[in-house]
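Coming up are structure 1 and structure 2: the same protein chain in two forms, each one given alone as structure tokens.
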Structure 1
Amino acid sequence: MDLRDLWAESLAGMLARPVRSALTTLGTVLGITTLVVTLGIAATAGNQIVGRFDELLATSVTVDVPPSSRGPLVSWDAPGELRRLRGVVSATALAQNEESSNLVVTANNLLDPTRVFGQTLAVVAAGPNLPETTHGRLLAGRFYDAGHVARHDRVVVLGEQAAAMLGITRLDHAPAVFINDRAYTVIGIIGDLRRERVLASAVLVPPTLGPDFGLKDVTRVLVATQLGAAELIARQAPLALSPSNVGELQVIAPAGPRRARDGAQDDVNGMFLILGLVSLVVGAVGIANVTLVTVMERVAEIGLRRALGAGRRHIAGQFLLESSLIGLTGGVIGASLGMAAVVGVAAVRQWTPVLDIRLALAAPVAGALVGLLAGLYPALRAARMEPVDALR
């Protein structure tokens, strides 16, 4: 028997009752759709979470420096040294303590009864490359540089919120703020401090002005790393910052990106995978059932085919191919629906859909396999039939 004939006969058998065949595929469609959606959404969502981590958290390492009676554990120059480590993009030292966190800051020394006179803000001493390390954006003016630091210039940069609270929006008249009755020129306003949100309501001063506010020693070092380097840098940073006090420094490093992805997938997957598999099994039972009914209905046809010279394997082959085609159809429809759903969900959430090409190819194959397995028993029944009985 020509394989094309087998194909044509099976296709004709399947299309002879299109409605029944369509209904029979439903179970497989549901199962494959569920599986594709589950795996697709999990991959998309997993990728999404990792993507968000990548941007900021996965590249952020923070080293907390506890106060020490033996003098500073980390010097202001140490972050510069840190940049010699491979994988460090930028590092900045900060100093902040309780005393400096509640200082009254005023925008001018006029008494205006209609306005709140002074704001209680935090003053933080920070190295000049803070914007780089925190991915901050200067909304106005500029950040102080090494020159300001070296000259002990009395300049400050305001966090976005701090500037709003003080009513400072423009810098073209070189406004000043007054802290502890001393004036400081505001040279910049910094915003978008997503990594260190608290700094948005802080007054940033160069390290050399720190002693004015009791900020002598570094209390924290922020490190921005290259993607994937965070874990390594987290291990190396304490040694580079303060070789003799490694044990006292506390490192806060992001969770590994791999764990984030696995966690996200595990949450979504388990349940729906089981649901999908159950639907597939139900689909298989449906195909088996309908194929068996079809075999019983087509006993006369089987007898005729045997009379026309069809061997048992031809009969078995035809019914197996029919059930596999039904499964394959279900798989193709299910895979298409599933992928459309994944793309739809991703579009609504403004995610990037992640579709594994292997999944797209494997889903119809899985459907066909389901059909093949489901068809085994009915096909065997059909093949075992004696032509004498079938023609009776």
Structure 2
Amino acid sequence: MDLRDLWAESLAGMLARPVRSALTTLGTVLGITTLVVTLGIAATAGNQIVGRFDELLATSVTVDVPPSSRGPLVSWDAPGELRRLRGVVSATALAQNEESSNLVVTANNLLDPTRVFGQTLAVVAAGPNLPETTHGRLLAGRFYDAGHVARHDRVVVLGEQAAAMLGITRLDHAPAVFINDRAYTVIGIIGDLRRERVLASAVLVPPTLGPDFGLKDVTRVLVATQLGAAELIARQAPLALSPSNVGELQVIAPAGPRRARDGAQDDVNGMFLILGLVSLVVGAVGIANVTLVTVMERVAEIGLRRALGAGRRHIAGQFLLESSLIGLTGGVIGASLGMAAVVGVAAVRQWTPVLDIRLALAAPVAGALVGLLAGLYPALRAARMEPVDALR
């Protein structure tokens, strides 16, 4: 059989029942569309996630300061040296240990057995630049400054969750909290700590009050950098903070944007790829079922072709090509709908669509392959028919 004749016969067989062919193609369309949308949205969302969190994640460097028997490795004034480095926006030293992480803090020193005023909270000593470094926002009052530190003022700032647990919502009457039976004036409530969320449930005290809670030495330094400078600052920070103890400081640098984008794509792919594969399997089963029904309906035609000299390979090739054409058609339509869906979602969300031209070219091939595999059994069954049995 000439290839042109084979193509014409297969196309005629597919178009003989257009409604059935359209419904059969729908399964492949849904599968291919789901796959294209999955991969397109994954790439677009990954790019968007990196864009949104670059400013927060890719501009944050943390330096852990281990305890040392030789004395403090980093002084409270050391973050000032970091701010001299090009690319550093702000730096703050913190001090926290196990002893200060579970202290009873009360908003009232009256003993009332019918009410609970005390909460177990963490007390953290922090430098005055904490709001700027952690991108925090003062919900009420103010943060302590260099003047409070120099005067050893007994003031504290509460994280928003700590303030809620203690029942402190207003600062106009200068409320106080009691820690270790000593009163400290609350001058501010800070929230939106996107970088250090654990501080939302902590009591923040100036470095000069740290020794009251065993917080004499710096345990961590937070550094906020300009976009693109984090990697360089991560290498320079230990030397600027403590030149003689560079090897003992541990620097935690942010992951690169490419890693973050790839991770986002993997997460989205993992969630939706199974859905696309299931849709493809359903489409393949539909093609196989309809092709098998077509074979049973065209038994007389198959017998007549065999009687007129058509070989087994001709019959098998005709039905395989029909099923492949159905899959190819579904692949082309699915790829087009998938691309349009990715652009539509990106437009609604005001994202920049990320489309891979290779995906648009591979989707129809995948559809044709699904159709080819789905039609394999029906085609073999048609090819095995004997002319006499088929005509009878």
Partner chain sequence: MPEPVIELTGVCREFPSDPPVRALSDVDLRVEPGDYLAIVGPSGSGKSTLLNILGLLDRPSSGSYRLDGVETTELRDGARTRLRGARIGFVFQSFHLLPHRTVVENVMLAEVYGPHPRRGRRARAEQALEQVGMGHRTGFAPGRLSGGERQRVAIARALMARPALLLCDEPTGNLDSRNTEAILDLFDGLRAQGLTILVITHEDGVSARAGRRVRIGDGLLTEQG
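Just so we're clear, the structure is a prediction, and the values are computed from it rather than from any experiment. The term rigid core refers to the most C-alpha atoms you can superpose between the two forms while keeping them within 1.5 Å. Here, a residue number simply tells you its place in the sequence of structure 1, counted from 1.
The chain appears twice here, and it is structure 1 that represents the form predicted in complex with its partner chain. Once the rigid core is overlaid between structure 1 and structure 2, Asp64 does not reach a Cα shift of 2 Å, moving by less than that. When two forms of a protein are overlaid on their rigid core, residues whose CA moves 2 Å or more are considered shifted, and Val124 is not one of them between structure 1 and structure 2.
Annotation for Leu103: C-alpha shift under 2 angstroms between structure 1 and structure 2, rigid core superposed. Taking the core as the reference frame, the CA atom of Leu355 shifts 7.4 angstrom between structure 1 and structure 2. On rigid-core superposition between structure 1 and structure 2, the C-alpha of Leu35 is found to move 11.2 angstrom.
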